[in-house]
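Next up: a single chain in structure tokens, the form predicted on its own.
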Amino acid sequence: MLGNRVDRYSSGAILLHWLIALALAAVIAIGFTMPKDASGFQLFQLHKSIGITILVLTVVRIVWRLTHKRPDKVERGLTGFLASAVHVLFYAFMLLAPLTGWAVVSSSELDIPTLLYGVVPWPHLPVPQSLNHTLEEAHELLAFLGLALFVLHVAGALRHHFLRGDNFIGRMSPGASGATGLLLGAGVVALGGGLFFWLGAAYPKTDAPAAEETVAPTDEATDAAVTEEAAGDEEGSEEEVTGDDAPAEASEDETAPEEEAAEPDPEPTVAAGPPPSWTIQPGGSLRFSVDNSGTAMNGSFGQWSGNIAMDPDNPSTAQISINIQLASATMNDATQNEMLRGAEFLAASANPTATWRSSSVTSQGGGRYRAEGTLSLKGVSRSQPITFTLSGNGNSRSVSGQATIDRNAFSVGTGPNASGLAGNVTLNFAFDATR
């Protein structure tokens, strides 16, 4: 080295260095800020993906280092030894941190598949569950070690470049002057710091009481729904009692009931014709939501169909059936989709279709209806009511409705992955239909 002239690393080494630096800044920031509950699921998947990327890039970097000539050391003695030690420890960290993270996922009780960036399947390591806690602690300690090494590495480079004036950063800079390297370094620090503070604000840490308060409204909403439904049933019961008692009070002689019973002949006339059929139009939605330890997990079904025969003015003759393709379930995350369709949840391969068929439909007034029916899911059939509203008139109607489904009754969510899920799943649907 003479003046500002420096022996530079090869282009491949420079590219790998800055790619790994950017990935490290992101993965460390995400690792320290991502929530440990369901709200951090997507960040957790991204953290895994970036970690495996760092592992692959580090292996490539080591191979490149062994097969390409490096610049001579610029400093010897104790400081030179310490600089080399930091480099060696950094390489160890970049290998061990992703490997321990991979092992943590592989040994977890929760069998969560890994899809790199939601696309590339990544296998699990054959690690026993008994090592999971130890591996988690090791991975966390390595994260702190990596953060310390990151700071030491940057401090050492700045010391050489500015205090010694040897244009040290130019060795690993796309531009020989080092200016580009300084800008890239500033960008790496800005990325890590920006992610850390942004994610920290977006996902604030909460204690246990706060989490319970978050869940509480869900329970109150459920109780309110049950109370409202019970009130509706009581109103229906009062109507039935009134209808039964009225003839008894009017029957002062034995012939009156027979005469009154013979009069309502128009009802068979109304029910004689079949109810009109309706065609479900494209563009409808069938969505579901379930609470997971205070976080709403939302998804939808992309493929479903139905047969509807119903006279809105005479709903007692209605015949409704809905078929849902379980493999079309999505939560807009490839890993969650795979889990959702698996045996622990919907078992879409073994039971591809869920079916709901009505047994009776009654009007609640104001365009609102309640339908009793049977839901068949995963080989189990259970009574399942739904409520819905019709709007519009003539040959075109808009339909919107809701159902609350007990997932445990159908063995949906049977393993540790469902330990935080609420028992009730809310189903919402909306579509247009033409006569």
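The structure presented is a predicted model; accordingly, all values stated were derived computationally and were not measured. The numbering used is simple: start at 1 and walk along the sequence shown.
The discussion below concerns the form predicted in complex with protoporphyrin IX containing FE (HEM), not included here.
Would you classify Phe90 as touching protoporphyrin IX containing FE (HEM) in the model of the complex, given a 4.5 Å non-hydrogen atom cut-off?
Phe90: contacts protoporphyrin IX containing FE (HEM) in the model of the complex.
Heavy atom to heavy atom, is Leu390 within 4.5 Å of protoporphyrin IX containing FE (HEM) in the model of the complex?
No, Leu390 is distant from the partner.
Taking heavy atoms and a 4.5 Å cut-off, does Ala21 contact protoporphyrin IX containing FE (HEM) in the model of the complex?
Residue-level check for Ala21: yes, a contact with protoporphyrin IX containing FE (HEM).
Wondering, does Pro98 line up within 4.5 Å of protoporphyrin IX containing FE (HEM) in the model of the complex on heavy atoms?
Although protoporphyrin IX containing FE (HEM) is absent here, Pro98 would touch it in the model of the complex, with heavy atoms inside 4.5 Å.
Check all three, Val27, Phe32 and Met172, heavy atom within 4.5 Å of protoporphyrin IX containing FE (HEM) in the model of the complex
The answer is yes; Val27, Phe32 and Met172 each reach protoporphyrin IX containing FE (HEM).
Protoporphyrin IX containing FE (HEM): the contacting residue among Lys36, Arg368, Arg382, Lys69 in the model of the complex [heavy atom, 4.5 Å]
Spelling it out, the residue with a heavy atom inside the cut-off is Lys36.
Protoporphyrin IX containing FE (HEM): the contacting residue among Val399, Ala403, Leu43, Ile52 in the model of the complex [heavy atom, 4.5 Å]
Of the candidates Val399, Ala403, Leu43, Ile52, Ile52 is the one lying within 4.5 Å of protoporphyrin IX containing FE (HEM) in the model of the complex.
Within 4.5 Å of protoporphyrin IX containing FE (HEM) in the model of the complex, counting heavy atoms only, one of 147 to 155, 315 to 323, 292 to 300, 275 to 283 shows up; tell me which.
In the other structure, the partner sits against 147 to 155.
Heavy atom within 4.5 Å of protoporphyrin IX containing FE (HEM) in the model of the complex: which residues of 112 to 150 meet that condition, in order?
Contacts from 112 to 150: Glu136, His139, Glu140, Ala143, Phe150.
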